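For reference, the chain that follows is the form predicted on its own, supplied as structure tokens.
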Amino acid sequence: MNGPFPGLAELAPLAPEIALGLLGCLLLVVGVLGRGPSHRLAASLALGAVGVAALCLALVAGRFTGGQVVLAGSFVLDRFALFWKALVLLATAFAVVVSVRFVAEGRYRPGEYYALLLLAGTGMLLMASGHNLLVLWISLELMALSSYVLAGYFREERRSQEAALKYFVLGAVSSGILLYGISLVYGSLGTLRLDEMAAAAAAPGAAASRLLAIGWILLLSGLLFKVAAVPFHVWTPDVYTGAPTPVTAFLAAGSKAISFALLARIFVQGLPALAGEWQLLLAVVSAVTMVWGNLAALTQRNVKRMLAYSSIAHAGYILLGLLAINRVGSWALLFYLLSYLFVTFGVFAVVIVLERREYAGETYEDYAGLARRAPFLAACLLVFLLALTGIPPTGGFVGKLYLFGAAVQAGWGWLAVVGVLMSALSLYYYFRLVVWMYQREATDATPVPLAARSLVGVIAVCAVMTLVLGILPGPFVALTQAAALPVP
């Protein structure tokens, strides 16, 4: 490396993270000076920061040479990382846009809110490129700490305070478990780099190490908390219900997606030699998560709480992609999470439109007669519910088809059967909402105002992409195939 600052060349692959993190810190400082920026200016600055990070990502991708490892093996730039970075920036941009009306109607400083979104996005970007267990843990904590504060952003609301406290306490415990697991894996294999871990775990006698077994079990337990898999799901319903709805959407789509990417990076790339052991445990967790998430969702009368349990059930479906370490499973996971991001942001954006005074649009009764009060919203919500159920012609159907097919191909046919049965069961609680929208009369027939154009735009984009992924999945399948981790 030449030039007066040779270290800068090695940092170039991390330009998106550096840009988003620095601009997030700058917005945080500006937000506490005097009255801070107005809500529209703060949102524009945050969206501009995401745009700058996206431009940096495009420049980095243009110079991409494949599997470039930087900073002594701490980070790697591969197609898998580029895919997830693009997805994280998209999720962060959506989170900023759907927050505009919420922040404008709130009583809180907008600069702090948007800065925390950018910092959480920075942590996610670092997670996508992480190639060292300790670096991955630090990146995960940057995302988590920002998320804890965002969950409690309604400082004067008891539910928001409770959500933040539960999320923080349980998240701290899971982080401690994860860190302890990392220390045991390091003590057993003598390295924290994923490529060196894979080689050390494949050595004769390594799989028999009890220290390593305890280490990867603790590692898996800490990560399963982040994806809200049973039995580490207890925080999800309260946090999804108590947190501001834009934050809930960001957690359900962005945070969940990148946490699955982290799971794949560590276990598929770092510990493939132990797949026979961790897959068995993961299969049990997947089955229990699918069953419990769907059964619990059946009894809910709060829509956000129902969506929380639905999110838990979908974590069980997505785990099938990690179990199926084959050519289909390696990219089916990415395709499903791409579809899930659009569907999740679309659903919660509809909830945000119906909200008034911070909490509303939460019970099924709030959706009575929505087809007559707001036909556009009802039609879009119907598309999202079809996708969550797994009904064509939506991306949710195609994603589940690929996931279940990969599971059968990998020898997990019984899990695919459980997934199909639970998807059929989910039809009841998803379409209960459809019945309220199309067959129940509203006590208030006043049309729902669609004045928030940016919010309506996100709903429209998500609905269109959900249908495109279901009708024309070919280009996106090719994209995810190119971005998938190589099969061991």
Partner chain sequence: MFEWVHGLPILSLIAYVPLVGAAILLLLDGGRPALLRRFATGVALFDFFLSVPLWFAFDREGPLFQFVEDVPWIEAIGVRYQFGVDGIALLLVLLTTLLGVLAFLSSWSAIREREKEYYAFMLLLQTGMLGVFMAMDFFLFYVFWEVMLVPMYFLIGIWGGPRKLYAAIKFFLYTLAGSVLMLLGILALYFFNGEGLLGWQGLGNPASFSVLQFHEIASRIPPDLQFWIFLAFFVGFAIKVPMFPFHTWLPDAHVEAPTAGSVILAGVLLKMGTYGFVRFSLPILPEATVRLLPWMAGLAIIGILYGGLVAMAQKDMKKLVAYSSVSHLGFVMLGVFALNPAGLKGGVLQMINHGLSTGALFLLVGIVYERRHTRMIADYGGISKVMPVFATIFLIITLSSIGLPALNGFIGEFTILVGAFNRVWWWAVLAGLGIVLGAAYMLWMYQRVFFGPITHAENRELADLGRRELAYLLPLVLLCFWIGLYPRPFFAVLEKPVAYVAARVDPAFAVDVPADVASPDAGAEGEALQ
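All values derive from a computational prediction rather than experimental measurement. Residue numbers count along the first chain shown, from 1.
Below, we refer to the form predicted together with its partner chain, which is not included among the displayed structures.
This chain is displayed alone, yet in the model of the complex one of 472, 22, 464, 11 has a heavy atom within 4.5 Å of its partner chain; that residue is 472. The partner is absent here; in the model of the complex, the one residue of 253, 386, 103, 227 having a heavy atom within 4.5 Å of its partner chain is 386. Taking the partner from elsewhere, no residue among 15, 87 and 94 has a non-hydrogen atom within 4.5 angstroms of its partner chain in the model of the complex.
Picking from 309-317, 114-122, 208-216, 368-376 the stretch near its partner chain in the model of the complex, with a 4.5 Å limit on heavy atoms, gives 368-376.
In the model of the complex, at least one heavy atom of residue 409 sits within 4.5 Å of its partner chain.
Among heavy atoms of residue 440, some come within 4.5 Å of its partner chain in the model of the complex. Put simply, residue 64 is far from its partner chain in the model of the complex: not one heavy atom of it is within 4.5 Å.
Contact between residue 405 and its partner chain in the model of the complex is found at the 4.5 Å heavy atom cutoff. Contact residues in stretch 369-394 (any heavy atom within 4.5 Å of its partner chain, taken in the model of the complex) are 371, 372, 382, 386, 389, 390, 391, 392, 393.
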